[in-house]
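First, one chain by itself: the form predicted alone, in structure tokens.
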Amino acid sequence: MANELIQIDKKAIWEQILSKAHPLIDRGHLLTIFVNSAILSYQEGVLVIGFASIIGPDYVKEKYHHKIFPIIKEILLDLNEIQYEMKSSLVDAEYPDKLSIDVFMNVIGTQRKQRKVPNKQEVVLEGGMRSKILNKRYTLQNFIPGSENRLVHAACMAVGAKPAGIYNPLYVYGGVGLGKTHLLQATGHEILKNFPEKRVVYMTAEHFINKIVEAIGKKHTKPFKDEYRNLDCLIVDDIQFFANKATSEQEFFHTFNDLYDNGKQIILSADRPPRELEGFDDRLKSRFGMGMLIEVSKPSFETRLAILKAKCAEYQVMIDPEVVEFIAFNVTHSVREMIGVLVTAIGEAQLENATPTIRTVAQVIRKLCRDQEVGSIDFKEEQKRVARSLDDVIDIVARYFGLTKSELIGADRKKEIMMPRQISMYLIREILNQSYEAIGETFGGRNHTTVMHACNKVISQIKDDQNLSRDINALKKELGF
């Protein structure tokens, strides 16, 4: 059967597998890791799946093997084992056994349709109360406060340890993308961790408004009032959206009073302090200010750097420290934007089997953060630059490997210099189509057989050395190809 399967169509089998397995796979992983994947072989009950991404084999084995094995077993009845391998040539759109991007997107595109479930973002609590689901990734333990936000982090910890204590209500305010939602949901998690019996409801102000409108339309306002005044902790995000909505504001006013008077915890967030809220009744603004008012500040460079390093560890990727510092230095307005830049840069690099570089990250920043100035490099010049000479290639390879130009073209035969030197020769030959003699002359008068040997060595190793393949792809992108 194994030989028959090889003769039938590995591509068709992989399409069938993905059609069944994709609902169990994170969509982000589908679009970064699985998009460049294929069945490499299937013989004697052993299925070998290849991934172009450097992290693909180990990551899929650890995170998804137990989920996809039973599915594949249904398709390949004599399956005994699955092996995962890195194959850099899978990045090529013309790889024979790889699904075309159109077929791949069509296969996983059904995921959204299959997962459309009414109120899929809600959970029903005891007594019929509904709460938006708390994101399990938002915890107080993985929030990196830095010196500028230690106070707000400590206040949330205190509320988690003792709800309805002196920090009631807890009013958290600050700009967009600085972590308010993370803190609110993390505090809800902390309360439930310490007091599993507590009834904690999290919602956005917009969600609260929609519930009120729905209750009024159905003339079921009393059940709504009973539900949301009969809980232990109410968390409402982005309350500035109550502005100029008199009915919703009035209902929230009474809900707030009932909860507070009954010793229940209230946690709120907004983009500004209570006194600066426009379109609000003064009595409601006064109540917002009765407890703990605390601002979430923009993180410092050191904190932004720590957040990015933590995210790299979470995503299990290795990125040049200079690239991480470049992101931290240039994206200052929003933590959310900063992480978006990192994730996009990682995703694009994985699709091309490369590593993020300062140039590729600068392009992402320019695309995603249109009002953000990109410092540290002259981005317009970098963006237009394409390697046109031997010196261009040598300069970029030297910078990539942290060497000087003189080290790269010199006589030193240390391994950490020899390999970059051979890579330089290979790239000059492939990209600029220079003769072996011309390349040898540039590299200190080496003869053409030395250059030929260097190029052939890179060509032979690139097929099996995933790190070398990644470096070559990253350098080609840096060189404008």
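From 1 onward, residues are counted along the sequence shown. None of these values were measured; they are calculated from a predicted model.
Note that the form predicted together with a small molecule isn't included here; everything after this is about it.
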*asked:* Under a 4.5 Å heavy atom criterion, is residue 177 part of the interface with the small molecule in the predicted bound form?
replied: yes
*Using heavy atoms and a 4.5 Å limit, would one call residue 181 a contact residue for the small molecule in the predicted bound form?*
yes
*in the predicted bound form, residue 142 touching the small molecule (heavy atom, 4.5 Å)*: yes
*asked:* Test of understanding: in the predicted bound form, would residue 307 fall inside 4.5 Å of the small molecule by heavy atoms?
replied: yes
*Counting only non-hydrogen atoms, which stretch in 353-361, 143-151, 70-78, 191-199 is within 4.5 Å of the small molecule in the predicted bound form?*
143-151
*339, 105, 213, 312: which sits within 4.5 Å of the small molecule in the predicted bound form by any heavy atom?*
339
*What is the one choice in 335, 292, 319, 90 with a heavy atom within 4.5 Å of the small molecule in the predicted bound form?*
335
